[in-house]
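The chain below stands alone and is given as structure tokens, in the form predicted on its own.
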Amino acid sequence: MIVANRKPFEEIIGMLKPYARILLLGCNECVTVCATGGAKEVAVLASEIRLFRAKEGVPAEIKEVTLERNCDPEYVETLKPFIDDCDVILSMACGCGIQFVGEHYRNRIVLPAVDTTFDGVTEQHGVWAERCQGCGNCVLDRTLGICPVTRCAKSIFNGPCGGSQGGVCEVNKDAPCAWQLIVDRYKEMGMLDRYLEIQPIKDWSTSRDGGPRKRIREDLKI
């Protein structure tokens, strides 16, 4: 799940200053789950903008639309009837959705109402935590489901650094040491001997370092 945070209201208002007709766009997928950009959040932000503009004596016409997904063309196409009636699109979708809508409607500026942060999980109600950086070369089979790329602040592959103390990361005192978690998991599964296996140098060519990535399934192309 992609996790995002809403931008400060003052920043959003600043971006919208030149525009009177606003299409406020939400998404029913990830940003809904993390309570950032679903229909409810769209309605709240729209109300805040209307109240602010009314107080300032500046007119604002806001159309609220929430798509099932902002990253699929079949849903993005349904925005066509609203484009001519807006001066700008303010999106509460993730960075992927914001860019994808902009690619489809090049005669309109698409502004971000959120900051996209990470791929994560719901640890508990109202708490989301990062779990994956999408490196493109998963090593979870070697570490029994605990990612050293993401969970370790230094992305170390062969045991903890010298700074971790008492199972706590030296970089973030609120985070457990990833390698402590991995070792504990080895013990639980009776596989502690695997801790002695030296991991090879990781192939980072599949990560973001190689530029924007694509996945193509020829059998699914139309």
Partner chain sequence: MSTGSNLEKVLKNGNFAVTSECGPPRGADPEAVKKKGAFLSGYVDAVNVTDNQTSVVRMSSLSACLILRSMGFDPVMQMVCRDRNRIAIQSDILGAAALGVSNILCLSGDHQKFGDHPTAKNVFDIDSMQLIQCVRQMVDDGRFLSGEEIKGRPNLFVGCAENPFADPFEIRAMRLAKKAKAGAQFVQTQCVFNVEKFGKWMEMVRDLNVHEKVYILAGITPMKSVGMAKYMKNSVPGMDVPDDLIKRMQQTPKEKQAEEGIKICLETIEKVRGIKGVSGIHIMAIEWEQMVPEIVRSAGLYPRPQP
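Residue numbers count along the first chain shown, from 1. Please read these numbers as outputs of a predicted model, since none were measured by experiment.
Not on display, but discussed next: the form predicted together with the partner chain.
Asker: Report whether all of 159, 164 and 195 sit within 4.5 Å of the partner chain in the predicted bound form, measuring from non-hydrogen atoms.
Answerer: So, yes: the whole triplet contacts the partner chain.
Asker: Within 4.5 Å, heavy atoms only, one stretch in 92 to 100, 147 to 155, 114 to 122, 79 to 87 touches the partner chain in the predicted bound form. Which?
Answerer: This holds for exactly one stretch, 147 to 155.
Asker: Taking the partner chain as it sits in the predicted bound form, is residue 21 near enough to touch it, meaning that at least one heavy atom pair lies within 4.5 angstroms?
Answerer: No, no contact at 4.5 Å.
Asker: Is residue 207 close enough to touch the partner chain in the predicted bound form, meaning at least one heavy atom pair within 4.5 Å?
Answerer: It does not: once the partner chain is placed as it appears in the predicted bound form, residue 207 has no heavy atom within 4.5 Å of it.
Asker: Find out whether any non-hydrogen atom of residue 200 is located within 4.5 angstroms of the partner chain in the predicted bound form, and reply yes or no.
Answerer: So residue 200 counts as contacting the partner chain.
Asker: Using the partner position in the predicted bound form, report whether residue 170 sits within 4.5 Å of the partner chain, counting heavy atoms only.
Answerer: Residue 170 belongs to the contact set for the partner chain.
Asker: I need to confirm a contact call. Of 34, 67, 183, 175, which residue comes within 4.5 Å of the partner chain in the predicted bound form, counting heavy atoms only?
Answerer: It is 183 that has a heavy atom within 4.5 Å of the partner.
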